[in-house]
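Form predicted alone, single chain, as structure tokens, below.
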């Protein structure tokens, strides 16, 4: 294994609120892991800690990636509305590639890779929701990052489109040998894209279970029923999250 990110008993407090508590784990180069857990449990906080945007309150994070080699894909696509799809990508390359022709060539390459070869000159307002998500992914890939952090990027799309996009992203990441952390509320999304799933507790977040998916049959995950193995895993994760959510609600009501 070639670790790219390591957590050692990481805790994070925001004021007096404990968000993350003593989380340990590892992400290997070329691996895709998902973080699932109840709403507000600190999944996005963990991404910010990995990126170095925030510092842990205690414990240590070893991220063997330079900040400029980390890319984000957010739920909000954050495209510049006055720029075309192509120019939204060349915009993030302006300090990496000085020659305009190099920026354009790279932008065309990544747009083609996400299936938007005919939409280079379209503005965000002319694109569907799924297309805008693809542009956001292309922009993240354009800088050739070593680590991609995806924070619920497809949560506002309907399930069939989400799974199709996730299948495409999974292929792009694996073909490019990319390493990624994917935050989602949707168990089926996590089962689709991940090598491993970290199941997190309610706040303060701890690791309840690490699910290893490597080697399990997932060839019908998008278009048909899950395999018996994945059905059992999905049911187990849902049960865990329901228990965590119920306990969180009972605690809030008691307070």
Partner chain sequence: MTKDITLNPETTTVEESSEVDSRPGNFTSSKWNQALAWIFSVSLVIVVWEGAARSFPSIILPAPGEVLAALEWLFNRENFYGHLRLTAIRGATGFVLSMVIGSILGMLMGRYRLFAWLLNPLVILSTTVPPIFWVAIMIIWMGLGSGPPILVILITATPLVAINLAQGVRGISPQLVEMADIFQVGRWTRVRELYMPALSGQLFAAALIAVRFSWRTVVMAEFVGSSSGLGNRLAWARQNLEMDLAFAYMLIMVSFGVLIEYGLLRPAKNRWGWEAGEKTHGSHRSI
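A quick note: this is a predicted structure, and the numbers were derived from the prediction, not measured. Positions refer to the first chain, counted from 1.
Another form, the form predicted in complex with the partner chain, is not on view; read the next lines as being about it.
> Looking at 92, 172, 104, 97 here, can you tell me which has any non-hydrogen atom within 4.5 angstroms of the partner chain in the predicted bound form?
Only one option qualifies, and that one is 92.
> Which one of 40, 228, 215, 67 is close to the partner chain in the predicted bound form, taking close to mean a heavy atom within 4.5 Å?
So the residue touching the partner chain in the predicted bound form, by this definition, is 67.
> Any chance residue 111 has a heavy atom within 4.5 Å of the partner chain in the predicted bound form?
Taking the distances in the predicted bound form, the answer for residue 111 is no, it never comes within 4.5 Å of the partner chain.
> Would you check, heavy atoms only and a 4.5 Å threshold, whether residue 53 touches the partner chain in the predicted bound form?
Yes, residue 53 sits close enough to the partner chain in the predicted bound form that at least one of its heavy atoms falls within 4.5 Å.
> Looking at the partner-bound form in the predicted bound form, is residue 177 within 4.5 Å of the partner chain by any heavy atom?
So residue 177 does not count as contacting the partner chain.
> Please tell me whether any heavy atom belonging to residue 79 falls inside 4.5 Å of a heavy atom of the partner chain, as the geometry stands in the predicted bound form.
Flag for residue 79 set to yes.
> Using a 4.5 Å heavy atom cut-off, which of 45 to 53, 182 to 190, 200 to 208, 32 to 40 contacts the partner chain in the predicted bound form?
So the stretch in question is 45 to 53.
> Which residues, if any, of 128 to 154 lie within 4.5 Å of the partner chain in the predicted bound form when only heavy atoms count?
Contacts from 128 to 154: 128, 131, 134, 139, 140, 143.
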